[in-house]
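A single chain, nothing else alongside it, follows as structure tokens in the form predicted on its own.
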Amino acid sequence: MNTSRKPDELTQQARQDFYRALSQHGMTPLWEVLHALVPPQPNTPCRPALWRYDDVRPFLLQSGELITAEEAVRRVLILENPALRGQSAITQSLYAGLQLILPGEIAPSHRHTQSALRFVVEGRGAFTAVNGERARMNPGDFIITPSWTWHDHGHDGNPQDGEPVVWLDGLDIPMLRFFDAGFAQNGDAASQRVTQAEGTSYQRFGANMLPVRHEAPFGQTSPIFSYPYERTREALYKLEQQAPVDAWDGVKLRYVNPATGGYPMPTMATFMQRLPPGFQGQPYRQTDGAVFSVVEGRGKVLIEGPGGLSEFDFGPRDHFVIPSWHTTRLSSDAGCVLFSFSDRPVHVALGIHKEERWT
């Protein structure tokens, strides 16, 4: 039997007086906010959004005319979620931006507690250095900067005829801001001293083998910090021909820490997927919000949430975000390849990750 009753005016007034008295002592009643604190389903304020590269690229090039990489430290245009303007966030836990480096430039050495990923969008001739080892940056490559490791970026191309290089930066800045654990330190020199040959980390850890007396050089982060696209692409296309295609994701692989089999970073998961020609994906939703970068081809994504239905046609080098618990359908007439990253490792570690799939 429902015994709830509407309070009379005297009771309402007494309650308001009580709440005001509580407020003066730094307290508030739980029953006034309980439904907002523990909603019946995930209720993110974030909205779906698409950044077309053809629209973004002119601004990136203009930024290169207005400020140097050295002046800016990191010359990046942040991709801000429309519902989180001013917060430097693409979801409530993730940061994303597009970084530009021009021939002859150096983005100076520093380190920070935030974990970072780089996904190369355009151009050749640039490199990134992590703890004394350099890695070339080619379109489609996924590169890790582990937490609290010295890193710098450079472009040793000719300023007269070299091409600009752009990559997607993904960091856990909002997450570490929540924990009040984010800080950085600048290096003494613009470029760190190279102490080991390029590819050393891959030779040590990338051949399904580990050094005999292995100690994790970067804690919970993968000891490989460069994952070349050519290897990933080959795997995707072979699986498309030789293995079943998932009705929701197409052919989707996740990057791993080869020493543990887990995620490459403790706070961010990374994925690459191939949607075959004619793919019409089934709907799904998951609690981890995800950021996508289109590597090859074209397609369409339908995203539905509390704010309604968003429909985006995407092409090469476009970027889009799917917020938490938004129903998603991917499709492609001619076929495409998508890179994405999310905060799934944290969801899994806390036991809160949920996913639903429908046919």
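The numbering used is simple: start at 1 and walk along the sequence shown. Only a predicted model underlies this, so the values are computations on that prediction, with no experimental measurement involved.
Another form exists, predicted together with a small molecule; not displayed. Remarks below refer to it.
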Residue within 4.5 Å of the small molecule in the predicted complex by heavy atom, from Arg204, His112, Arg233, Arg177, is His112
In the predicted complex, the residue from Arg118, Arg285, Arg134, His155 with a non-hydrogen atom within 4.5 Å of the small molecule is Arg118
**Message:** Does the small molecule, in the predicted complex, lie within 4.5 angstroms of each residue among Lys252, Ala269 and Ile322, using heavy atoms as the measure?
**Reply:** no
Can you tell me whether Arg124 touches the small molecule? I mean in the predicted complex, with a 4.5 angstroms heavy atom cut-off. no
Non-hydrogen atom contact Tyr95 with the small molecule in the predicted complex at 4.5 angstroms
yes
Using a 4.5 angstroms cut-off on non-hydrogen atoms, would Ile173 count as touching the small molecule in the predicted complex? yes
Is Asn257 one of the residues lying within 4.5 Å of the small molecule in the predicted complex, judged by heavy atom distances? no
Only one of 72 to 80, 276 to 284, 187 to 195, 86 to 94 has residues with a heavy atom within 4.5 Å of the small molecule in the predicted complex, and that stretch is 72 to 80
